[in-house]
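In structure tokens, the next block holds one chain alone, the form predicted alone.
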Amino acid sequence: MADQQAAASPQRRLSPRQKQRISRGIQYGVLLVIVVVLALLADWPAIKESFLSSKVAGEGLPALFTVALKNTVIYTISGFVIGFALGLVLALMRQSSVAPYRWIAAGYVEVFRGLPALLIFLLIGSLPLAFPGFQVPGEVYGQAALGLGVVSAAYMAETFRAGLQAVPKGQMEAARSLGMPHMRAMVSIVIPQAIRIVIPPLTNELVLLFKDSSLVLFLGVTASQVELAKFGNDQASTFANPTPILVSGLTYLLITIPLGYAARRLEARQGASR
């Protein structure tokens, strides 16, 4: 009799929401266990002495900001300006009716997106061997701007091309119907709209350039030309303590996190306005 009642009663099953809660709880539990185990195994006095030494960190001030951060910003902004201008030109060449222009732009984009940025910096440093007597204006600052610029231009070109294609064709047609020359219509109407569209991805490119500025150390910089990564490494070697490397990393984050947040806000605002 009891067996018949058990067979007749519907079998209780967990709902998808209940299964999801159980799965989430298990994941949280595993994560908590891992954190606790790591906290128990860590040698906190040694961590404080090796990575959080206030005395060693203070030795790098104020040069951390007045030299390293300043140079990092200079390298980044100058490289971004070159990349912006060259990338826009390449994007226009990709859309040109002249076939050789399209071939040159496409080849540039493929080559400089395919080569490691480090290799580009090494080649720029070796330019005097290929062109005796040639010097990039601005010495290390000019070489850094050129290296960052030619690499970022390949990525910005594709970003600009997407922005140009996103502008409705009716904008150009309306301008031409009013008697406006093609180039003037591009400069006055199409390009400004395309730039507004691609501001979020350009902000992300600025973040990437800020981090890639650490490659400047391969150009052979002096103490007054160091950027954040080189500065932190030199300080760590001087004091035999990795605290300056951690401080340099935190300084990077002071710039990159707000820029990344700004890019996400811009993307969200553009998405809401569509």
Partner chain sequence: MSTVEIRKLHKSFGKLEVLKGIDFSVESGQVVCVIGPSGSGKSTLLRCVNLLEQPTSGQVFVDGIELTHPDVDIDAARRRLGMVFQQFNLFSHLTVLRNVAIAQERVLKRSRAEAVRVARENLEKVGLSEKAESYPAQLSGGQQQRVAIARALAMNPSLMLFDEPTSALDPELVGDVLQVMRKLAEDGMTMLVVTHEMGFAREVADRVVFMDQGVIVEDGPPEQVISAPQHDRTREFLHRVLHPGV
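Numbering follows the first chain given and starts at 1. Note that the structure is predicted; figures quoted are calculated from it, not measured.
There is another form of this protein, the form predicted in complex with the partner chain, and it is not shown here; the text below is about that form.
Location of the partner chain contact in the predicted bound form, chosen stretch of 151 to 159, 114 to 122, 133 to 141, 184 to 192 [non-hydrogen atom, 4.5 Å]:
Of the stretches listed, the one contacting the partner is 184 to 192.
Interface membership of Ala99, the partner chain in the predicted bound form, 4.5 Å heavy atom rule:
No, Ala99 stays farther than 4.5 Å from the partner chain in the predicted bound form.
Glu110 within 4.5 Å of the partner chain in the predicted bound form, heavy atoms
No, no contact at 4.5 Å.
Is Gln171 one of the residues lying within 4.5 Å of the partner chain in the predicted bound form, judged by heavy atom distances?
Answer yes; at least one heavy atom of Gln171 falls within 4.5 Å of the partner chain in the predicted bound form.
Even though the partner chain is not shown here, does Ile199 get within 4.5 Å of it in the predicted bound form, heavy atoms only?
Heavy-atom contact with the partner chain at 4.5 Å: absent for Ile199.
Interface residue in the predicted bound form among Ile74, Ala175, Leu86, Leu146, criterion: non-hydrogen atom within 4.5 angstroms of the partner chain:
Selected residue: Ala175.
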